[in-house]
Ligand code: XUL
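In C-alpha cells, one chain follows: the form predicted on its own.
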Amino acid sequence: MTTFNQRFRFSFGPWNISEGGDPFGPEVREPYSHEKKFALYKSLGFDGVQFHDDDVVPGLDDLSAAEITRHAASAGETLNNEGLTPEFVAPRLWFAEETIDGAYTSNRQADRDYAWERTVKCMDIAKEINCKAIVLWLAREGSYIRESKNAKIAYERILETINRMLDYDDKLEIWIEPKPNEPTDQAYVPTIGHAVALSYASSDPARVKGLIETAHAQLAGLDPSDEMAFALAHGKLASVHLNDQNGLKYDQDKNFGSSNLRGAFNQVRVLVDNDFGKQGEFVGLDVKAMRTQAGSPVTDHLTNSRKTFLHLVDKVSTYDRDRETTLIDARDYEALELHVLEHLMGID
C-alpha cells in the first residue's frame, strides 16, 4: 500500500449491518444489536460511526430530556470504550406521522414545530457524545405534485432552520446531504450546488458544508466525481458516502465500484488529488448487503468496498500523469481513454 492509504479513516452507519428486509419481503437475517456492531468496527478497519439520532437514543420521541441525556451519555461511553469517533448525527425526519408531507417544509405549522423540536434533540445528542456535525438529509423536503407547496417559501424555511441551528450551537457544523428524489418525487435540495447555495446564504457559511453520496449524484444524472470537485472548489466537502448505482432507479447502495469501476476511480482520484482526509475527514461508506447473503452479522460488503477504495488509491498513485498530459496536449482523447482503461485493467 502507498502512504496515501495511511491518510484515510473510514466510517459507516450501524444500519449498514442490516437484517436484509426490503419493501417486497421480510427480514432474512437475525437482528444484531448496535452494541455488538460497535465492537466490530475496528476489526473491519473502520474508526468512525455515522448516526441517526435514534441510533444513539432509540425511541427518543417518547423520552424526557433527562432520559435522552442519560441514554446519549451511555452511548458516548460505549464509543469511547471501543475507540470510535462519532462522525455525525442526523435527525430522522421521515418516519414520524408529523413528517409525511415534509418536516421543515410542511404546510402545517404543528409539523414544522415537531421538526424543530426533533432537531434540537438531535443537536443535544450530538453534543452529549462529543460530535461536531449534524447531517441534514432532507428526505421529505420536496413535493409529490408541484402545486402542493410554494417552493420559494420551502427554501426560505430550510434556510431559516439552518440559521436557527447555527444560533443554537455555535460550535456545530451542518452538513447537507442532497438527493434528487426518493422518498419525494422532487426534492428541494437535489444537488450539491443547491446545498452550497444554502451555505452561502446562511448566517455562518463556514459551518455549513456538504456530504456527497455517490448514488444520490448518479440519481440526479450527474457524475459523482464532478460533484465532489465542485464542493472541494468551494471548500465545502465535509464527507462522502461511497457506494454505487446500476442506472437511474431507486437508491441501491451497491458496493463501491461494483457497477462503474472507472467512475469509482475518478471519485478516488479527486479525493486524493485534493488532499481529502488530511484534515481528519472520514471516507464514509453507505452500502447495503445483498439480500441473498447468509450469516449474522454480514459485513463483507463493508470490507470489500473499503478494499476497493484502497486499491483505487494505489491506482491513482501509480497512474502515469506525464502520459496523460502529453495526450491532453495533443487532444488525443481516444488514446487517453485507452490509457485510463488499460491502467485500471493492469495492462499498462
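Quick caveat, the model's predicted, so the values are computed rather than measured. Note that residue numbering begins at 1 and tracks the sequence as displayed.
As for the form predicted together with the ligand, it is not shown, yet the points below apply to it.
Remark: D286 counts among the residues lining the ligand in the model of the complex, judged by a heavy atom distance of 4.5 Å or less.
Of the heavy atoms in W137, some are within 4.5 Å of the ligand in the model of the complex. The ligand in the model of the complex comes within 4.5 Å of no heavy atom belonging to K254. When the ligand is considered in the model of the complex, K179 lines it closely, a heavy atom lying within 4.5 Å. Here the chain stands by itself, but in the model of the complex one stretch of 231-239, 258-266, 208-216, 103-111, 208-216, has heavy atoms within 4.5 Å of the ligand. The single contact residue among Y168, Y155, W116, W94, judged by any heavy atom lying within 4.5 Å of the ligand in the model of the complex, is W94. Taking a 4.5 Å heavy atom cutoff to the ligand in the model of the complex, the contact residue among K37, R306, K315, H52 is H52.
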